[in-house]
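This document starts with one chain, in the form predicted alone, laid out as structure tokens.
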Amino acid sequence: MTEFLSMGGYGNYVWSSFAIFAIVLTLDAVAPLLKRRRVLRELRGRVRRAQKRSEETA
């Protein structure tokens, strides 16, 4: 098992590259979810402001 993890002396490079890839992949999956949340919050605020304006003019 130690030989597999050391990968002929390149283990540090391989495993750090794998870790960086996993982090980037996770961020790539999470970023659209966070942006969607922000956009929905902004749209709700716009709708509320528009409703308040229409109530004030009515």
Partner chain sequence: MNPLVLWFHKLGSPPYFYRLAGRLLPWLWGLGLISLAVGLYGGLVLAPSDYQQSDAFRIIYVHVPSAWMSLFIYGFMALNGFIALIWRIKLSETLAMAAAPIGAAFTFICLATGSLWGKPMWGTWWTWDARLTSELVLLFLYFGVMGLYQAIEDRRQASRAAAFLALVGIVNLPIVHFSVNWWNTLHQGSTVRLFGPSLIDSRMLWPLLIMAIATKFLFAASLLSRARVDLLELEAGKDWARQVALADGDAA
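Here, rigid core means the biggest group of C-alpha atoms that superpose within 1.5 Å across both forms. Residue numbers count along the first chain shown, from 1. All of these numbers come straight from a predicted model, not from anything done at the bench.
Below, we refer to the form predicted together with its partner chain, which is not included among the displayed structures.
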Within a 4.5 Å heavy atom cut-off, is R49 in contact with its partner chain in the model of the complex?
no
Pick out the residues of 1-35 whose heavy atoms come within 4.5 Å of its partner chain in the model of the complex.
F4, M7, G8, Y10, Y13, V14, W15, S16, S17, F18, I20, F21, V24, L25, D28, A29, A31, P32, K35
Kindly check if the Cα atom of G45 is displaced 2 angstroms or more between this form and the one not shown relative to the superposed rigid core.
no
